[in-house]
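First comes one chain, alone, set out as structure tokens in the form predicted alone.
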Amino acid sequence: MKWDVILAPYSQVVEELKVKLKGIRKQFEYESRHSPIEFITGRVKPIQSILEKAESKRIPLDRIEEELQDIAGVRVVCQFVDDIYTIVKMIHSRKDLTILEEKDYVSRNKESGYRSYHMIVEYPVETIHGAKNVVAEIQIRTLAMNFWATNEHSLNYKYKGQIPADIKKRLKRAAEAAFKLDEEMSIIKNEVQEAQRIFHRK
């Protein structure tokens, strides 16, 4: 398989979505309003990870593009929980992509404690062979959720998905603590934003 040819449009999608989301962030800053976006990251799934996921889900190699929805991934990280839903609403109102699927793990967290909002979108890119609709995943989460998920991901990788029970228990407790932090921060959101506005004016 010519992986560089297959993955090139996915790289393009990641870069274009990052530029557009960073544009939204800038617009909020120009208007001196609180931006719901703290930062944005993006990546194309490494070939090894694609192959492992295809094998575990029994997806034939010639069906990867149709069956795998997260080859291209963009992550939007926010300060506050309600910022997540502001971004979801913004993405819904865009005319340059189509939403295929949504999973709200913020209000209904996974058994592990994982929280994040997932949107599967179809985004058109112009390639040298013409227009191509590419499927990508947008994950939206708070800083606290991101901190937890990053560590859980590392542990899952280390233990090949079989995290020991005692560590699992601690992870779940940490997820509850992270959510408590988000709840507390939401209560003082207005104070935090006012402080940030004063700081930026300086």
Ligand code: 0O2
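If you're wondering where the values come from, they're calculated on a predicted model, not measured in any experiment. In this text, residue numbers run from 1 along the sequence as written.
What comes next is about the form predicted in complex with the named molecule, which does not appear here.
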ask   = Is it the case that 43, 105 and 149 all touch the named molecule in the model of the complex, with a non-hydrogen atom of each within 4.5 angstroms?
value = yes
ask   = Might residue 112 be said to contact the named molecule in the model of the complex, defining contact as any heavy atom within 4.5 Å?
value = yes
key: residue 118: touches the named molecule in the model of the complex, heavy atom cutoff 4.5 angstroms   = yes
query = Contact between residue 70 and the named molecule in the model of the complex at 4.5 Å, heavy atoms?
reply = yes
query = Given that the partner is absent here, does residue 53 sit within 4.5 Å of the named molecule in the model of the complex, heavy atoms only?
reply = yes
Partner-contacting position among 58, 26, 33, 153 - heavy atom within 4.5 Å of the named molecule in the model of the complex = 153
